[in-house]
Structures are given as C-alpha cells and as structure tokens.
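Taking the form predicted on its own, here's one chain by itself in structure tokens.
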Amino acid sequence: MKLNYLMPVRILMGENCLFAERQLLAQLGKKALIVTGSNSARICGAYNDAVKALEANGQLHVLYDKVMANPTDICVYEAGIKAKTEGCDFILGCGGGSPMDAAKAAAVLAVNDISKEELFGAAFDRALPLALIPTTAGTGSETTPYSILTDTTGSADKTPMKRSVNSPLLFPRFAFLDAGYTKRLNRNTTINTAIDALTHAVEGMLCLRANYLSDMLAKDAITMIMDCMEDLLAFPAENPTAFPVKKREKLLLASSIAGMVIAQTGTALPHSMGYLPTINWGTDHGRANGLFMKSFLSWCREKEQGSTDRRIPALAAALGMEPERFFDMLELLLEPREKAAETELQAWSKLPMKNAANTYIKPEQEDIARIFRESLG
C-alpha cells in the first residue's frame, strides 16, 4: 500500500465559529483583502461577521466584491492587483466556490509576477496566507489546493474554457464552517451544491489516485449526503428556512470532507464533461456534473464486469442502495433535464476530456460520446 496524504487546513465548525476563533485570523497578517461576490455573503451575514472579527482583532481590511459565478482570469487579476496595491498581507475568501477559488488565485497573483497568459502554467513558490468561509455546501474549495477559473482566451479560437491552478500553497490555513450562512439558500442552490459535493465523493472513489484514506473519507461524505436525500427531495421551495438546520450542517461538513477527497484523488470523467454545459449554457456546476452521473456509473458497472478492479459494489454500499434506486432519486432532483442539440452532442463528443485519464477505467472517445448522448440526447 502506498499513501501520500496532505490536508493542512485547520477546520473550525460551529455556530459563530468565525468570531469565536477570530484570534486565528490575527496570525495571518495585519491587513486582509476580503474576496467575495456582490450580494450573497452580505445577505447571509458572513461578510459582516468577517468584518467584525477583523475589527475586533485590530486588523485592517479592504474589499473586492466583483467575483461572478465561474470567475475569470480577468476577475482574479483585478483582485490580485488590489491586494498588492493596498498592501494586504493575507486573503479572506467569503462565499461559495467562485469567491473561494478567486481568493486562492488572488493570493498567488498578489505576490508573483505572472502574466495572464502564464497563469495556468506558471511555477510559483509563494502565496499570501488564506482563510476561507464557505457559504454554500458543495464545492469543498475550503479543503482543496485547486482554483478553478474560466480562461477567457482559452483555446486557439479564443473559446472560454475551464482551467485550474493547482498547488499545495492554495490550501487555506483556516476554514470556518458555520451552517448558519447556508440557511437561506433556496431549493435550487441547496440541491445543486449537494449534488456537487456528492459527485466529488463518488468520482473520488473512481479515480486512479484513490487510496484507502480517500475512500474512507468519500464513503463517509456519501453516507452523510444520502442521509439528507429525502429532505432534499421534499425541500419546500417557498420556504428555505424550513429545511432542517441539522441537515444543512451535515451537508456543509460532507462538502468539506468531499473536498478532502478530491484534494487527494482529483476528479473523474463527469467533471470534464460537466464543464461544457456550464461554459456554454450557464448550467450550475454541481447540476452539470449530476447530469452525467447515471450514464457514467452505468458504463462503469458494465466495463468492470469480469475485472479484478470492481469499485461499483463499494460505491453502492456507501450509497446504501443499489444504483438504480440512486438513479431514480437523482433524476427527481434533476428533472427536467437539459437537452443538447445534435450539433452540440457531436462537437462535444469529439473534445479531449482532461479527467478521462484519471478515471479508473479509461474511456475511449466512443464511450464519451455514448455518455453525452444518454445524458443530454
């Protein structure tokens, strides 16, 4: 057995944990750049709590609140320049996956002379210290070394594409998990982020780099999310606060644990496929991943028959049910499904899928085409 496990994030969880553990922020520096979106962190109270914690410590702060869904290289350059020109010595990211990923990139750009063209391939050996405050329960960015961004120059034809910056320096020092920040999330956001966390854990078990520790974490995350499935199916769309707070806590912790999984394993084929509906249609990232899960897992089960590397039975045990019942529940959360035009299906099926090589059964291009057609045809 070979293991190489690194997860250096100190996790603080509980009601008002940010203010209660504010002395930890004092270790990071004298002046913070708070990186967030335009509204959600204010509405949920996380931004105000961050300001109160910093002020109670006697720390200064400035604000960058222009992070959009699927943050771009342009956006993170603005944030990095602001941190540099304002003399910030640490970054506090506050929000869902987009602000947290943007905060990570800003931490690198603030202290490295990296051009926009070099961002996704440059070597760097320093970054500003980071603390992250998730306000959704899905991406797990608070426990990963990844910053997923939209490259606006993208390919040779300038088509935007999803790319990542990956370094152990992007692990935050601290992650503050307070489920109170998630209690006003609407039905769609709650479901889509839960699906995102679930796909992280599921794919983590089906990656080449999966190991004993990552599988142990993945199984726990899957079990926790599945324990919330009936509540997600019954979510009262007109009253977000009626969703049980204990289940919100469970989803938030499961999301962070699933982040720990992919920090070790990376992700598998559905993530690469899911980036296409997100970039081209604006589909929420978690939902986009979920759209491919049924066909992908069915394909895995077929391909591993007769193989010594059989992972679907262990996955079914973590789910607590046979795949068919899981597929039925997932379909109820996803309906109605998006449909792709024939020209899109043909074009997308021919594209290289970065995470295909990290999937425990490497798909051929015709397998990818099949999964696209079954999922979106």
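Given the structure is predicted, the values throughout are model-derived calculations rather than measurements. Just count from 1 along the sequence shown to find any residue number.
A second form of this protein, the form predicted together with another copy of the chain, is not displayed here; the remarks below concern that form.
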property: Among the candidates 279, 232, 253, 300, the residue which, in the predicted complex, approaches another copy of the chain to within 4.5 Å (heavy atoms); result: 253
property: Selected contact from 87, 168, 244, 236, since only one has a non-hydrogen atom within 4.5 angstroms of another copy of the chain in the predicted complex; result: 168
property: Residue 10 within 4.5 Å of another copy of the chain in the predicted complex, heavy atoms; result: yes
property: Partner proximity in the predicted complex: residue 291 to another copy of the chain, non-hydrogen atom cutoff 4.5 Å; result: no
property: Touches another copy of the chain in the predicted complex: residue 83 (any heavy atom, 4.5 Å); result: no
property: Any non-hydrogen atom of residue 220 within 4.5 angstroms of another copy of the chain in the predicted complex; result: yes
property: Which of 210-218, 283-291, 191-199, 114-122 sits within 4.5 Å of another copy of the chain in the predicted complex, heavy atom basis; result: 210-218
property: Residues from 232-263 in contact with another copy of the chain (non-hydrogen atom within 4.5 Å) in the predicted complex; result: 249, 250, 253, 257, 260
